[in-house]
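What follows is one chain in structure tokens, specifically the form predicted on its own.
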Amino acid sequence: MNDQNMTPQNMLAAQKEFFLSGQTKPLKFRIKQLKKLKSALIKNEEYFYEAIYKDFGKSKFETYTTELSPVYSELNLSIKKLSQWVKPEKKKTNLANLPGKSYIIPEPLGSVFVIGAWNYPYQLSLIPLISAIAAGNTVVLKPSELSFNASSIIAKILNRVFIPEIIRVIVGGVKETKELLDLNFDKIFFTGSVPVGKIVYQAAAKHLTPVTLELGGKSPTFVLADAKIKMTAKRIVWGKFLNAGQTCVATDYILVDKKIEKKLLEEIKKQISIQFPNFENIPENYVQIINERNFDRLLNLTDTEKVYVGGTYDKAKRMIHPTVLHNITFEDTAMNDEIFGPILPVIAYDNLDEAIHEVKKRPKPLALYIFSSHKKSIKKIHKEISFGGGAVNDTIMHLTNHNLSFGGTGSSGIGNYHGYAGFQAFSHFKSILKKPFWFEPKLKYAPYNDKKLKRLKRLMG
């Protein structure tokens, strides 16, 4: 198919026709596409490094560890495990259907629409794409227009390697996204902000299209009195200021027991000086804010009178140095919305129950972290607060475990992905009951009477 100047409607129609031909369903075909994608990424890796550096000033090391490595890992897992994932799964058969057999067959949904996010433009576009292809779908991928260079290289490479009937990458802004959302896809997968997630959800409702929404929210980190201060600060600083805080599961704010607040703040300040020692130029382990609008938004969240460390910035380079705010309450401006940047408010609490209550009053967070060895308190927080996922005595690293599905709850998201959960997100599971011809109980057939009813109650009660 010549895809030059094709309308979105014609493009989707071509993908649907290709899907209905059945060509995407065989295991061999799916694995071939996954291997083709992996080969294209490896072959063009330098171009991916160059593109994202133009958007963020992001180093090769950080691009590999936070972007390409997770993508390669997801590809390797899918290629290795797909033959198991596609197999029918046996289920127990209830008494009423014996001697029958029950099983579930996974099948692809059809033609799906994946909308990626700008903060990790490779990972958050390509991992859902991998899941969709592994499940046997055709895909229209729309990376974020904010990370223009990274999105453009995704489009250039993938549109060259794949025919548009299988994968088509569209680079554009709000106009192009709205046009695509008006179409009748079989699934929409969106990663981004809560306000845009609502728009996507409303558009999907017109066609009863199933959605996965990977959103965000204010993810708290609890630091209890027994926490090991040095390691706690080290891991929080790493997770918070990775990608300059532009991470959906980064610590949004700290809730620390007042008894150790001073020690924690001192160690966080020390860790910032160790991990981010030089800001005269863009350092190898730090990145720029994506654009001026977000830069200005972040500055407006910074109460200069409450800065404990940091607070300096370079607008020309879109650089905000790691900043910690103290003497913060839930009424401060920084606590109104998700920060999504290198600003870390610290709230001290006297009573853990009251701190938990304050978190519960607010929208459900995407992530939650606890630093403590006190089993009873950890269990209490996990039991009382609803959140997407998290970690104890670490931050962010739960995302690296393929066995842990990733997703939000409430306003932080709908649905899960990563590993097998990603395959599930882009699949429908057909339930099948298979029965032989040689046996059939007379009990279920009319005419009915009291005697049959009594027998039925004995069997089914």
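Throughout, we count residues from 1 along the sequence that is shown. Quick caveat, the model's predicted, so the values are computed rather than measured.
From this point on, the text means the form predicted together with nicotinamide-adenine-dinucleotide (NAD), which you will not see here.
Among the residues Tyr286, Phe371, Tyr253, Trp118, the one placing a heavy atom within 4.5 Å of nicotinamide-adenine-dinucleotide (NAD) in the predicted bound form is Trp118. A heavy atom within 4.5 Å of nicotinamide-adenine-dinucleotide (NAD) in the predicted bound form is found for exactly one of Leu344, Val112, Leu129, Leu215: Leu215. Interface membership of Phe56, defined by any non-hydrogen atom within 4.5 Å of nicotinamide-adenine-dinucleotide (NAD) in the predicted bound form, is ruled out. In the predicted bound form, nicotinamide-adenine-dinucleotide (NAD) lies within 4.5 Å of some heavy atom of Cys248. Proximity of Gly100 to nicotinamide-adenine-dinucleotide (NAD) in the predicted bound form falls outside the 4.5 Å heavy atom cutoff. Contact between Val174 and nicotinamide-adenine-dinucleotide (NAD) in the predicted bound form is found at the 4.5 Å heavy atom cutoff. Contact check at 4.5 Å (heavy atoms) against nicotinamide-adenine-dinucleotide (NAD) in the predicted bound form: all three of Lys178, Val196 and Phe406 pass. Heavy atoms within 4.5 Å of nicotinamide-adenine-dinucleotide (NAD) in the predicted bound form are found in one stretch of 332 to 340, 350 to 358, 312 to 320, 234 to 242, which is 332 to 340.
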